[in-house]
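The data below hold one chain only, encoded as structure tokens and taken in the form predicted alone.
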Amino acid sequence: MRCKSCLSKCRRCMVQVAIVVYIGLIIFALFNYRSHCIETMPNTLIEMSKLDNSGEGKCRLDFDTLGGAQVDIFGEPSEQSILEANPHVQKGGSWRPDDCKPWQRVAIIIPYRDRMHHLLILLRRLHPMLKLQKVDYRVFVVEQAGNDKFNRGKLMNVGFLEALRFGQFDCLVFQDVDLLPEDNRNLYMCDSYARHLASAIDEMRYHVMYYNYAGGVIAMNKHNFRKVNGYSNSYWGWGNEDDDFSARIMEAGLLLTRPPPHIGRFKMVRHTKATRSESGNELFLGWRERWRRDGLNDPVGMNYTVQTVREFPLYTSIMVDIGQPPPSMDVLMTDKSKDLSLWWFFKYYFP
């Protein structure tokens, strides 16, 4: 009888604890609500321009004729087959419509190393889609030389600076090489904020990984990219540089806009996952103290050497030596007293 009584008390306690936790989560969600991220339909990028007549003479897009596309992540395309299917593509991986005035001039920046198979699959998808969207564009593949740990953030910064040497761009799309857009309505264009295009990735069950997620594919105009000081140069190895970038967007007072999930769908080309950076989470806790000096305006962090610039038929290749990671990441975390708390860290991922 005592055992049954104890078991009954335990059950009641567990129910009470569950109720308290549930109520606590509701209260936490109510007081931690954020309107930092919003969903907007892609056609609003064009419709808003019509309100002040700035869209006069621009290319017309019929969204009813756009829509989902068949995306092959397993094929083995060759450069020649892509060229034959896309005769409009000009040297350097560029194109612009000649029968109308494009809405924006766009630079597609792809950080890269040793992923030619993925790159060809992506180019096979991007070139016809961007033509349908009537985008004036050029594809830049920014390749990290050497065998040191991959630094995606610094390659994005280098791509930004080097792309502007080819002329003025209204919009820069920072694109991972392994993500393929599934819907032609997901315009590769910028709004006045930061536009996260990859709002639903198949590997994440077509859900945003977490509320402030800004990885995969993101579009931003050059003014806003400079406003957030670009990406951090400090993340050597995979992970957290996109979290840092999202936090900068939030701190700079910019919205993070996304297309709705049924339009912002992407497929990920399968590959072996890179080893996650051992110091990424610890570095991220100190992002707020570093972000204004760690990025585009850091003369030391942005020290790099362009080895070659080559205009291939499908893309412009920029081979760059971005240096080596420091012997110890401690030099990047100089004042840990200013690090954010684990509580902030928790709220960032689970608002």
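Since we're looking at a predicted model, the values are computed, not measured. In case it trips you up, residue 1 is the first one in the sequence shown, and so on.
Note that the form predicted in complex with beta-D-glucopyranose isn't included here; everything after this is about it.
Taking the shortest heavy atom distance, is residue 206 within 4.5 Å of beta-D-glucopyranose in the predicted bound form? Output for residue 206 is no: heavy atoms all beyond 4.5 Å of beta-D-glucopyranose.
Would residue 349 count as a contact of beta-D-glucopyranose in the predicted bound form, using a 4.5 angstroms cut-off between non-hydrogen atoms? Yes, residue 349 lies within 4.5 Å of beta-D-glucopyranose in the predicted bound form.
Residue contact check: residue 210 to beta-D-glucopyranose in the predicted bound form, 4.5 Å heavy atom: Although beta-D-glucopyranose is absent here, residue 210 would touch it in the predicted bound form, with heavy atoms inside 4.5 Å.
Can you work out whether residue 166 and beta-D-glucopyranose are in contact in the predicted bound form, taking contact to mean some heavy atom pair no more than 4.5 Å apart? Residue 166 lies outside the contact set for beta-D-glucopyranose.
Any idea which of 255-263, 129-137, 72-80, 241-249 reaches within 4.5 Å of beta-D-glucopyranose in the predicted bound form, heavy atoms considered? Result for this chain: 241-249.
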